[in-house]
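Given as structure tokens, the chain that follows is alone and in the form predicted alone.
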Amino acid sequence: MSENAAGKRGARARAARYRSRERAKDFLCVAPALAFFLAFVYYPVVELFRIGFTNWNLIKDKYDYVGFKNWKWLFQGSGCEKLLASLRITFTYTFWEILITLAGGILLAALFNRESRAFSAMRSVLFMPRYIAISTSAIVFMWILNDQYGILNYVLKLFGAAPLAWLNSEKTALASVLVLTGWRVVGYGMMIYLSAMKGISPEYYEAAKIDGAGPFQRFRYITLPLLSPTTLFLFVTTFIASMKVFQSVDVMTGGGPYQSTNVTVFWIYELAFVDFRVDRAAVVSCLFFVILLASTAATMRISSKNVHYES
């Protein structure tokens, strides 16, 4: 009996050593990726918070720790008004980009869900803008939207409408940037939704037809619920990407006119490389990081009860 007990203890010890070695191997496999994230993601975030407690000006060679002075500037000083204005512009832009991506993408996916060479070619044409550089696209759209010799105003004149200063008016500047955005993202949303539609079993639609459901009812009660994981994915990724919009604003409007397109990331860029106030740019970046993190977490929590993962 004692020999059996000793054998069992020895077997358990060997099993424990084997599990330890396997865990060590697993850790060694992920160690390079972990080191990469520590060096290029987490350390910069920590360093960003540290810089926020300094008075770092790029014009000066040295900086000192000033405590919460920059945070007071952001919440109680002149930075508060600019912060609220930039966040308002950023969330407005984000709302419309998400709407264009989700609504336009799902409608185009339903329209182009056909198997033919013609529809494949049209899908490629709609998806192609996604892979054109933003700077290149922005320059082309600046020519299209130019108030003096732009093709859009030329077309408006043909129909008897008055030309507009698309990029030089506070009322139309952000909408003009969104025109470029919609042109780039709607095809991407279409392809993501289309690939998800291909994964829905046709048995659901056949059963619905037998029960007398029409095309709209099948779309409303079968397609939309089963596309909810895809909608969540597109919503979260589009939200994060649109909140960080910079390049199209930088090329097309430069944050103007009169700060009407001064999104948060562009404001951070101006604080750091135009005003040379790296400390204030760090503070705004930290707050922006927290806003993105909280918004994404809230979205995932709220949508967890409304997403159907069975298809």
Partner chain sequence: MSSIRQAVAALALAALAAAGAGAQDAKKYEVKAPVKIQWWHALEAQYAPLVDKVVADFEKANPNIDVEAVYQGAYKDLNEKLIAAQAAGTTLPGLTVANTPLVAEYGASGLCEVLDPYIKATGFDVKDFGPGLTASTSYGGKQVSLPFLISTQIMFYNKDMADAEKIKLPETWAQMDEFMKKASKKAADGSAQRYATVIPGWDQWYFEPFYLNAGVSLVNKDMETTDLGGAKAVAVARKLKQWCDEKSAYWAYGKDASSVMRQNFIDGKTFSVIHTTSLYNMYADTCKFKVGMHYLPGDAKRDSEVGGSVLLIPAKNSQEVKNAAWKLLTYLTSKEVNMYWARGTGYMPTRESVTKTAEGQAFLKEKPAFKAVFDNIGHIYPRIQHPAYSAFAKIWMQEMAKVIIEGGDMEAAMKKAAVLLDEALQD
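Numbering follows the first chain given and starts at 1. Predicted model only: the values in this text are computed from it and were never measured.
From this point on, the text means the form predicted together with its partner chain, which you will not see here.
> Taking the shortest heavy atom distance, is S242 within 4.5 Å of its partner chain in the predicted bound form?
Residue-level check for S242: no, no contact with its partner chain.
> Heavy atom to heavy atom, is E170 within 4.5 Å of its partner chain in the predicted bound form?
Yes.
> Is there a non-hydrogen atom of A282 within 4.5 angstroms of a non-hydrogen atom of its partner chain in the predicted bound form?
No, A282 sits far enough from its partner chain in the predicted bound form that none of its heavy atoms falls within 4.5 Å.
> I'd like to know if D26 sits close to its partner chain in the predicted bound form, meaning any non-hydrogen atom pair within 4.5 angstroms.
Contact with its partner chain, no.
> So in the predicted bound form, are F112, F216 and T238 all sitting within 4.5 Å of its partner chain, heavy atoms only?
Not a single listed residue reaches its partner chain in the predicted bound form, so no.
> Heavy atoms within 4.5 Å of its partner chain in the predicted bound form: which of the stretches 282 to 290, 31 to 39, 44 to 52, 57 to 65 has them?
Only one stretch qualifies here: 57 to 65.
> For the heavy atom contacts within 4.5 Å of its partner chain in the predicted bound form, list the residues of 24 to 47 involved, in sequence order.
Nothing in the stretch sits within 4.5 Å of the partner.
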